[in-house]
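Before any questions on how it binds or moves, here is one chain, the form predicted on its own, in structure tokens.
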């Protein structure tokens, strides 16, 4: 099947995204390469086709946002909101990801080889995120479902107001947010972690080197004694 390449220094981003949103895209091409992205915003956002997209360079805000089915690779770094509200498919950032990576993502897999900024996985709703480096403060804030795997360290207020998402951290945690606590990692959680590490290219990393964090469930219902934590 055909592969196509677009140079964003020669072709307008709107034209490229319109092509990517075209009907029956997966029947026409198997891979789309985008070169000279130069930090442009919303590259390959809103995809809904089982195709491979490679962004060769640095992407701006909301790259691969709302992704469905597509497999998007960013060879450089990504700005705020990469893979925001992803539904399925995968997004792989080979560099650094800025703030709110994977925000509200409901499905699929986001892999970040480098560090991630503030609020990584904020309001996560079912997707999986694997960060090869460290994450900033307030990561997994109000995360409702899914998994956040951090091979490095975590900043302040990790998992603040978390619901039923899981956070696996290999490094140090500066502080935990409201209602987040360390959990015992059983066989089921180890299996989930091992699968995510393998899918993200870290299959040789031991699951026993991680700690598990999740909700203490004290904020599910209002209680006056917890008023200061809301």
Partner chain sequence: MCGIVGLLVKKPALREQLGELMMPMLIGMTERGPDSAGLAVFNDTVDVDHRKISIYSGFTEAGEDFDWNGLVHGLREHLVIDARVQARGNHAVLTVSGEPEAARHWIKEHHPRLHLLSTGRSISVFKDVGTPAEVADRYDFKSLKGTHVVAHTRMATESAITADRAHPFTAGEDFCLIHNGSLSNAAGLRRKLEPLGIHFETDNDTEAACRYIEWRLGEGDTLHQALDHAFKELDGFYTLLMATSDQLALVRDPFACKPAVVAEHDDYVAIASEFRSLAHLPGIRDAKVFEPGPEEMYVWKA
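Owing to the predicted nature of the structure, the values given are computational and were not obtained by experimental measurement. Numbering follows the first chain given and starts at 1.
Heads up, the form predicted in complex with its partner chain isn't pictured, but that's what we're talking about next.
With respect to its partner chain in the model of the complex, the three residues 39, 56 and 61 uniformly fall within 4.5 angstroms at the level of their nearest heavy atom. Contact with its partner chain, judged by heavy atoms within 4.5 Å in the model of the complex, is confined among 127-135, 95-103, 141-149, 82-90 to 95-103. In the model of the complex, its partner chain lies within 4.5 Å of some heavy atom of residue 118.
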